[in-house]
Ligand code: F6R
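The chain below stands alone and is given in C-alpha cells; this is the form predicted alone.
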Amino acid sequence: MCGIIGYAGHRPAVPVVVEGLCRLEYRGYDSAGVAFVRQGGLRVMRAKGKLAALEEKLAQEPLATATCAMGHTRWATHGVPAERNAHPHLSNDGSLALVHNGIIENYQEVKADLASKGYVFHSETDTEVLVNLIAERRKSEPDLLHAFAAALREAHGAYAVCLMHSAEPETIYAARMSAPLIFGLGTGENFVASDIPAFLPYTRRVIFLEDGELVRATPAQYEILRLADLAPVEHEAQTIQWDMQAAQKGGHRHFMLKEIFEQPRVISDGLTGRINAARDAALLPELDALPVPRRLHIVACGTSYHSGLWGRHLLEHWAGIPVQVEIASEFRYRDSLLLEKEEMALVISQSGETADTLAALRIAREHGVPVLGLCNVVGSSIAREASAVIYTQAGPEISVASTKAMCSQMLTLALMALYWGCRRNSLPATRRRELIGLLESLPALLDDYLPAMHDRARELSRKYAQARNFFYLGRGHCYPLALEGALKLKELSYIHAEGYAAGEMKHGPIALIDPAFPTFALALDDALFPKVKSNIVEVQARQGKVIALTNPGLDLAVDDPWIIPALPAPLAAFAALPALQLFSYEMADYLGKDVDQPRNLAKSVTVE
C-alpha cells in the first residue's frame, strides 16, 4: 500500500512527483523520498514522517533542471520507519535508484550472495537488495533493460518497482508482479504510479499493466515488454472518468467500501512468502525461535478480539493448542494467576498502539511469559515490545470501521494454526495441503462474488432500514462473526444490535423478539447447521423476521435468504465476513450516516 510515482516529461519533475505523492497520502505512510538526476548524477532525498519533512529538505535543493524523477511514500514492511529505510534506495555504485512496493521473498538469500561479492547494505530493506542485484546483473547483461529484467526474474514475491539510471536522465523503467502499477500517457510526458490519483491532473489516459510486464518510458515514447522474454506487449489505453476524490477511493463511494473490496488483495499479500514450495506448510520464521505454547492466551479489543475468538477454533482444532481469549481491558485489571512460563500470550491490534492491549502485553511480560504481537504497523509499540511480531501486511486502513484488518488478522491466525499444527504433528501434510489450497483460492473466489454480495446487501438494507434493533446469531466459528456483524451495524448506522451465540437465545434474549425486531442469522453449511436452523424456527415462531446468510442447497425457509459461496468451515468465514460488512455499510449509507468517520469513534484507541 505504499505510494509510487515516476515521471518523464517536459515539466520540472520533482514538483510533479511531490504533488503526486501528496495525492497518494490517503494510502498512509511513515516516510517519503524522491530521486532525480542533477549534473550527471543521481540525487536521492528522503525523510521520515510526513511529506512536509521531505519538502523542507527539497527547498534547499536546485531542482529546476530535472525533468525526470520518481518518488515514494513508504508503509514499512522490512525495517522500521526510519530515513535509512525510506525509498528510493541507491545501488552501491550510486548509478541506480529504485522505489518498490511489495515483498521480495528471497531477499535474504540474494543479500547473502551479494555480500559475498563485496556489496554493503545500509538499510534493513529488501529494496536495497534488489537495486544492488540489478547493479550486479549489469555486469553481465548488454544493457540496463536486460539487467533489470534478469534481476526481476530472480526476485520471488510481489513487487511494483520504478528504476532510474544516472546515465539515462530522461528515462524511467518500471515493472509489476502481484502489486498494482499503472502507466499514464500524457502529451510530451509519461507517468507510472501505484494509483491513478498520482497523475490524474495531467492525464486521464491510462494503461493498467499486467503481472510480469515491464515498461521503459521517456517523455516522447514508451514500450511495454514481457518480463519473461522482453517481447513487446500491446495494450489499448483507457480513459478515466473519475474525479480526484473518486480516484483516491478507487472509484468507490467511500474508503470503507474500497477496503472491503480490497480483501482479495489482502489475502493474496498475506500469503506471499508464507507458504512453502510443496504447499503443505506455512512459513512463519518469526515463530521459529519460540517454543510451541502449551496454552495460548489471546488478548485484544473490539474487532481484533472477534478475530481472536474466531482464531481459537483453528488453533485448537488444527494445532491442538488450548486457547483462552480475553478482552484486554478486563485482562489488565485482574490477577493473572493462570499465566505460566510454558504458556504464551498473543496480543492482537491493527495499529499496534491500542492502550489496553499494550498494557496487557506488559503484564504478560512481567510474568515472564513470551508475548507474540500480531499487528499491521511496523515499528508500533506492540511490535517493539513483543518477544516476536507477525505483521498482517494489510496496508493502511483509512475508514474508521475496521474491515480488511479483520480479514488479514484471520488469515494470519489461520497460518499460525497451520504452522503450529505442522510443528506438533497434529495436522497431516495432506490436510495442510488441502487447507492451503483453499486459502489460495480465496482471492479469486471473492473477486468473483463481491459485486453480487454488494447488490444483495443494498437490497436488504433498503428493506430493513427502519429497524431500530437487530439480533445477530451464530454458532461455533460463526459466533465471532455474529459479534462482528452486530458491532459493525452499531458503529456505522447507530442501530442497536446484539451478537449472540444462537444457543443462548432461550436463556433470555428471545423475549425481545417481535415483528419489528429482525434477526440476522449465520446458517452456513457446517456441522452446527441443524442447531442454527432450530434457533431460526424459534425466532419465526415469535413472528420475527429473519435474514439468513447461508449456502446453496440447504433446507432453510426464511424471509430473506442470502446465498454466499460454500466453503468448508471455518474458512467459510472469509466469505461471510464481507457480506456482514457490506450490509452494515449499505445500511449506514442509505440512512445518510458518515460511513468513513462514525460519530464518537477514533481509528485507534490509544488512551484508556
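Quick caveat, the model's predicted, so the values are computed rather than measured. Just count from 1 along the sequence shown to find any residue number.
Beyond what is shown, the protein has a form predicted together with the ligand; the following relates to that form.
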Just give me the single entry in Gln393, Thr412, Gln263, Ser351 that has a non-hydrogen atom within 4.5 angstroms of the ligand in the predicted bound form.
-> Ser351
Since exactly one of Asp126, Glu136, Glu189, Glu491 fits, which has a heavy atom within 4.5 Å of the ligand in the predicted bound form?
-> Glu491
Please check if Leu284 has a heavy atom lying within 4.5 Å of any heavy atom of the ligand in the predicted bound form.
-> no
Proximity of Gly302 to the ligand in the predicted bound form, heavy atoms at 4.5 Å | yes
Taking heavy atoms and a 4.5 Å cut-off, does Asn101 contact the ligand in the predicted bound form?
-> no
Taking the shortest heavy atom distance, is Thr73 within 4.5 Å of the ligand in the predicted bound form?
-> no
Among 452 to 460, 365 to 373, 527 to 535, 400 to 408, which stretch sits within 4.5 Å of the ligand in the predicted bound form, heavy atoms only?
-> 400 to 408
Residues of stretch 37 to 58 in contact with the ligand in the predicted bound form (4.5 Å, non-hydrogen atom) | none
